[in-house]
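For reference, the chain that follows is the form predicted alone, supplied as structure tokens.
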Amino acid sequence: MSNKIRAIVAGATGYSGVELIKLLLRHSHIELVGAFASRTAETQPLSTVHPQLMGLTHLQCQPYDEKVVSLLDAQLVFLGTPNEFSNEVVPGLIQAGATVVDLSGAWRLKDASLYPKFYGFESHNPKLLQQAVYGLTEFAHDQLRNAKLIANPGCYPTTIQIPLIPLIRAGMIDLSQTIICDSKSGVSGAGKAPNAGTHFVEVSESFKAYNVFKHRHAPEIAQGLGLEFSPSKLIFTPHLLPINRGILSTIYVRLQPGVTREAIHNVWQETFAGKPFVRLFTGSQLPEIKFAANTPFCDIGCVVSENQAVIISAEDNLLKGAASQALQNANVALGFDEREGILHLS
């Protein structure tokens, strides 16, 4: 009998799903015992869905069925599923005793009234919504320990909140001035399902902004920063890059008088000491997508001039923005080294 934690992944056919599966297959303390697609999917080998898994697993990818999930007796469930699906199945999984890490947006916002506008459905479980731990791991260790429902942060919010939260807490940012977040993502951030706006001909050799003033990550960012959700406090504009993966956020803030680049670096170094998945760029080099792509890190750096700071943050949207952060959260919740399955441990 294995003493490993039994885990399943629902949403195994997606880009984040396959990244999560690859991480779990090398985890020392977690055994992947099930992989699921939509309720109407056909059963087929995971290695058929994702040929890069050939030789790594013999698991089948099955249609999601509550009875089958129950029989697997999973202690840990990852949901890389649509928002409405996660909203539907999470209460039953929690009741069954599983620890759930949800990569959708179904449990991120504490204000249930925002869901119809930004996610298109009603959130009918306000008590569970309040109990969900927002898993921005670097700031949530205490809350994550033994948590039963973890709302994995959005990819864009991760790049924005990681550099800004320490500076806001230190009183370095003039919050009377609007914080402007200009973010660019590779096309995999839109998910695997094809649509007219993300196929090759539409994206290649172009660059565009989308969902201006109405992106669902805007209230999540404001919530995480402790700001009023208002364009006078925060403007978030996402853009679509003609690349596969990666996010770069350029963040514009006004600093309190006397705040220097060195002071910002000192706060970041103190905040992220011992936090293995945030890398600080303190020299002349600033973060770039190519440095963060295919890694589990969020890279941050800044330039300061006359009380204005331009902060640059980069990550892989499928890893630190989704799969590796989900595993990082599970590791902390279950008492494992947060690097387990993500980095090679010495």
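Each residue number is its position in the shown sequence, starting from 1. Note that the coordinates shown come from a computational prediction; the quantities given were computed from them, not determined experimentally.
The form predicted together with another copy of the chain exists for this protein as well; it is not shown, and the discussion that follows is about that form.
Asker: Just one of 250-258, 216-224, 151-159, 165-173 has heavy atoms within 4.5 Å of another copy of the chain in the model of the complex; which?
Answerer: Every other range fails; the passing one is 250-258.
Asker: Given that the partner is absent here, does Pro242 sit within 4.5 Å of another copy of the chain in the model of the complex, heavy atoms only?
Answerer: Within the cut-off, so yes.
Asker: Taking another copy of the chain as it sits in the model of the complex, is Leu93 near enough to touch it, meaning that at least one heavy atom pair lies within 4.5 angstroms?
Answerer: Heavy-atom contact with another copy of the chain at 4.5 Å: absent for Leu93.
Asker: Give a yes or no for Leu71: in the model of the complex, does one of its heavy atoms lie within 4.5 Å of a heavy atom belonging to another copy of the chain?
Answerer: Leu71 lies outside the contact set for another copy of the chain.
Asker: With the partner left out here, check for me: in the model of the complex, does some heavy atom of Glu84 sit within 4.5 Å of another copy of the chain?
Answerer: Result no; Glu84 lies far from another copy of the chain in the model of the complex.
Asker: Select from 197-220 the residues with a non-hydrogen atom within 4.5 Å of another copy of the chain in the model of the complex and write them out in sequence order.
Answerer: Contacts from 197-220: Thr198, His199, Phe200, Val201, Glu202, Val203, Ser204, Glu205, Ser206, Phe207, Lys208, Ala209, Val212, Phe213.
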